[in-house]
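Before any questions on how it binds or moves, here is one chain, the form predicted on its own, in structure tokens.
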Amino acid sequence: MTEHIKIEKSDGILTLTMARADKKNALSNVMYGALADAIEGAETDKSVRVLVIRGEGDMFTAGNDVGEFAAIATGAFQGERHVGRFLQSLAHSSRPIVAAVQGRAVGVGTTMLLHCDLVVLAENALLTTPFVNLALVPEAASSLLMPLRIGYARAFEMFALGEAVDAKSALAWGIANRVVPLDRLDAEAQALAQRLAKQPAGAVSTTKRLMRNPELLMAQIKTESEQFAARLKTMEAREAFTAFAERRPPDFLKLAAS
């Protein structure tokens, strides 16, 4: 385990587990770094043919650690942010990625699924992208990928209102490949990973590259990141994170647009 990320390799499958269940697997800067290192490392490890991303406990991930967002908004955060490396590693990965999702997948917990090649949801999965709720904007190229996947109307509603999408809807809309009972989630994800691992790796990776353009994705991620960073410095963001800390609804109406 590396700072709440468990890494296991077996039969050509590299399984990355977010293991911070006491904090709902909220992703810290160190966790992003560990995930990025593992995904980047797989590119030069010929024994790795498939990646699986999963979470421990009752939910996939609560998304980015909100405490770190707040620290960035107030200027208290110091050092390199590894989320950019994590997103870049997803966009450039030539290995097929399988995701196993239970419970809530919040923010980046949902947008990372758009970079996964097979997504298995437990019946209790709920996908939310509450960026605007926090006075922020979508990331991980999701402002491009989500409308392409589910259409503008549904994507805008997910982003602007931050309402949860249940597993059945996510499957119908094309965000997921399978919905299974919770007790079958890991077995189904591993079965799919095993099937992929037995396929000709070169043909799989070339097919993936033909279907995904890393340069286009990275250009969108760069544009989003610039806007995301700018939004973190606004009075809207300060109000959102102050309200979160004080356990009260934010009042954006008292602010001039920023």
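Throughout, we count residues from 1 along the sequence that is shown. In this text, all values refer to a predicted model and were calculated from it rather than measured experimentally.
From this point on, the text means the form predicted together with coenzyme A, which you will not see here.
- Only one of 81-89, 157-165, 125-133, 182-190 places residue heavy atoms within 4.5 angstroms of coenzyme A in the predicted bound form, namely 125-133.
- Every member of the trio K23, D65 and G107 reaches coenzyme A in the predicted bound form with some non-hydrogen atom inside 4.5 Å.
- Coenzyme A in the predicted bound form comes within 4.5 Å of no heavy atom belonging to I39.
- Contact between M59 and coenzyme A in the predicted bound form is found at the 4.5 Å heavy atom cutoff.
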